[in-house]
Every structure is written in structure tokens, then in C-alpha cells.
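Encoded as C-alpha cells, the following chain is the form predicted on its own, with no partner shown.
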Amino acid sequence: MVSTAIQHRYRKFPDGFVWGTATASYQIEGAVSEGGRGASIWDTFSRTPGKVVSGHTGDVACDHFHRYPEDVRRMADLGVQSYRFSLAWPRVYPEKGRKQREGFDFYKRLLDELHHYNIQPAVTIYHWDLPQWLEDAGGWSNREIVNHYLEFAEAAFLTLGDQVPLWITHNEPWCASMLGYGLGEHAPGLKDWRRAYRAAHHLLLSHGEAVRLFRQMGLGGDIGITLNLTPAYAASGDPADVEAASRQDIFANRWFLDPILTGRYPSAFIERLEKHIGPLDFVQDGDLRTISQPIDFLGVNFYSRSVVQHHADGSLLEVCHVQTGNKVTDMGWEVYPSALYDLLKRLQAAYTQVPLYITENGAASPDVVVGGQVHDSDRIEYLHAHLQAAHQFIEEGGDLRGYYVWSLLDNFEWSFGYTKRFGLVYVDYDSQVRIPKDSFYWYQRVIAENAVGRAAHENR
């Protein structure tokens, strides 16, 4: 019997709480020319000089396409109950109008392997690897893409639907639109804010259409969307800084939260936006009703917060990001776990009573192998602090159903290539040898105990 003193050192999570880990297709699969796969925008972007650090590509990545049985066994050893992964659209539709059976065959094999170990899949339909042939036709800024996305989603529902209990329509549409079409930091690498907001709208519209289709097909399981949410804090109590934080919040969070959960875009920002990009005539009658189709859950990807002050430079946002001096991860992102608690409380109070999942949370650190081991204490401290914040939310009545660590494996970290490591498992990209890090074993114990210690070392 566990002593009362030991019990008090641990924060227990509810029975049935889902512990998981997450990946994305282009970041781990490799095999970009196998199985009939077509080119994606990330194949093109990563081959464009200067776009990705050191010219890295996802050609091989973690070679998960061939090594998935080993990776699933590793998940089973970790003890996760759920694995979140995405479907590579170019594997399934390498060309316009041509569905590639071999693409879905790979995911069927993966699902079979997961079910063998009783690991439940959580499938993301779109995680940024758009077929290049669709981008050539305008990509997400062309409204016609909604129909192509629905064709892809329907094929996924029909082929895999009876094996998937949790569907995610999109991962981080903010990144796909704003980083891809506005800031140019992600594929397709454009810097056109009008196209960025068109893309954002069409991503949201395709989400709503997919939810409606899912309901019409009468499929079992749940469907939702994953948003990357970055709480914005004012650098001071100056009204100008407070207003700047409000603008940053709309840009990073509310432009996606509001239409999905309230059926409208933030009116306070529309006039400012239209002065910069012109009228929002791409928003058609009925679109917002479609976008706000009821969802079964909301996925939250959380890494850090932003602290901003007013900066009158004539730009769309007129904000300046402020460094706080607090500890940062290898990405330069501030470690501020209380922002996760604040975010979850806000979502529950201001937006929705639907269940929440933390579908990504994790930290990059400059991991190195020493004596065949990887000692990543910074990552353990990060995960521990954020799980404490999540537990506090649950303890106060919050409906948080699960937590997915980003990521299972070190992988291709988009424009940073292979220079940033988020994995619980270290990957030697030359040999493809996998080495579980200290954080792997720490998380293994958290899962086994369904609890997080009041100090990180208590789960070691």
C-alpha cells in the first residue's frame, strides 16, 4: 500500500486520461519517391536555396516509412495509449484526380501495427505537406482547394474510418497560412498577406466541410481540429501595450478560435485588416456557419507565450516582441508553463465546454549522446512543469482528456532542418539508430503511474 506521504507527492490524473505522443508525415516518413508518392510543397521548399538550414530535406528523415514496426514497438515500450500521426496527402493523391492505393496501404499497415499493441490512433488529415500540383493551382489561397481536401478526407474516412477513434482535420492552420503565405518562413514560402488570409479562410472552411461530411457519413469516433495557441501578454500596463497584446492575440489565436467556436471573425480587427489587404470578399455567405460546425473536441498545441509592446511602424499589427530574460528552449521560446494554465482556463470560460486535448507540448534541446545515453534534464523539467499546469486545470474542473508529447522522435524540424531536437528518442540521422533519452524513461513512469510528481525527480 502506498503511504500517504508518497501519495501527497504526486498529482494523479483522472482514470482514462489519454497519454500519447505525436509526429507528422513529412517530418519522419522519408521515402519521398516510393510507393507512388508525388511531390509536396515541402519537397519544393526544402530544395530552394536558403529556405531550410543547411539545405536539409525530408527525403529520408527518420525513415519511418520502412522502420515503423520498430517505432511502434518503441511506443509500446513507452506505454502510450495513443499515437497521433498525419496522412501524407501526396502519397494518396500524387496527381490531380489520381488516388494512389499504395499510399493508404502504408497507413493500413501502420494501423495494424498500432492495434497489435493496443495503441489507439489519432489521425491528422492535413499536417502541411500539400501536393505541389495543388499549390501550382493556387494552393490554399484558391477556394477550389476545399473540394480537393474533401475528396482526400472522404477517401481517408472510407478507407481508415473503422479503425480510427480520433480524427483531426487540420494541424495548426495558423502556421499553414501565416507562416506559409504571409511571412514566407514555411512552404510555399510566399510573402503576400492577402493570400495568407485567403488561405486561412479556406483552411477553416475545409475543416467545417470535413466535419459536416464526417457527420453525414455516420462514422464512429470523434472529430475536431488542432490549433497552435500562443497567449499574448502586454509588456506593461500602458494602454498602448495592452491594446498591442489584444491585436497579437487576435492574429495568433482568435482569428482561428472565433470562427470555429463562435461563428464569426473578430470584428475589432477587421477594419485594420481590410486597410492592409483589401476587402474580405473571399468570405462568402454561409461560410461561417460551415466553419462553426460543432466539433467533438479541440486540440491545443502549446509551446510558449508572447510578450509584446506597441510599436507604431505602420505594419498590420504594430507590435514588438519583448524578451523577458526567462529561461528559453533551444528554439529560443520562453519557458512559461503558467501560460498553459491561463490558456486552458480561458478556453473553458470564454469559448467552449467541448473536451480539450493537448495535442502537442514539448521542448527542443541540444541533445548529445554520452556513453550511449542522452541526458535531457531540461526537457524533463519543461514537461514536468507543463503537466503540473495541466493537472491544476483538471483539478479545478477543467475537461482535459489527454496529453501528447511532441515528439516521439527527433525529426525534420521544418525550416530548421535537423538542427533542433524535440524527441523523446534520439535519432542518429546517418545510421538511423534510435536511442531513448532520459525523458523517454521519465515519461514512461508518468504514464505507468498516471501521475506527475510535485518535483520532476519523483518520476525518475
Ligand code: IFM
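Quick note: we count residues from 1 along the sequence shown, nothing fancier. Please read these numbers as outputs of a predicted model, since none were measured by experiment.
The same protein also exists as the form predicted together with this ligand; that form is not shown, yet it is the one meant from here on.
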{"property": "Distance check, Asp399 to this ligand in the predicted complex, heavy atom within 4.5 Å", "result": "no"}
{"property": "4.5 Å heavy atom contact, Trp255 to this ligand in the predicted complex", "result": "no"}
{"property": "Non-hydrogen atom contact His127 with this ligand in the predicted complex at 4.5 angstroms", "result": "yes"}
{"property": "Heavy atom of Tyr26 within 4.5 Å of this ligand in the predicted complex", "result": "no"}
{"property": "Listed range touching this ligand, judged in the predicted complex by heavy atoms within 4.5 Å, from 196 to 204, 298 to 306, 319 to 327, 69 to 77", "result": "298 to 306"}
{"property": "Residue among Glu135, Asp376, Glu172, Asp249 with a heavy atom within 4.5 Å of this ligand in the predicted complex", "result": "Glu172"}
{"property": "This ligand: the contacting residue among Tyr93, Phe157, Trp333, Tyr351 in the predicted complex [heavy atom, 4.5 Å]", "result": "Trp333"}
{"property": "Neighbours of this ligand in the predicted complex among 391 to 417 [non-hydrogen atom within 4.5 angstroms]", "result": "Trp406, Glu413, Trp414"}
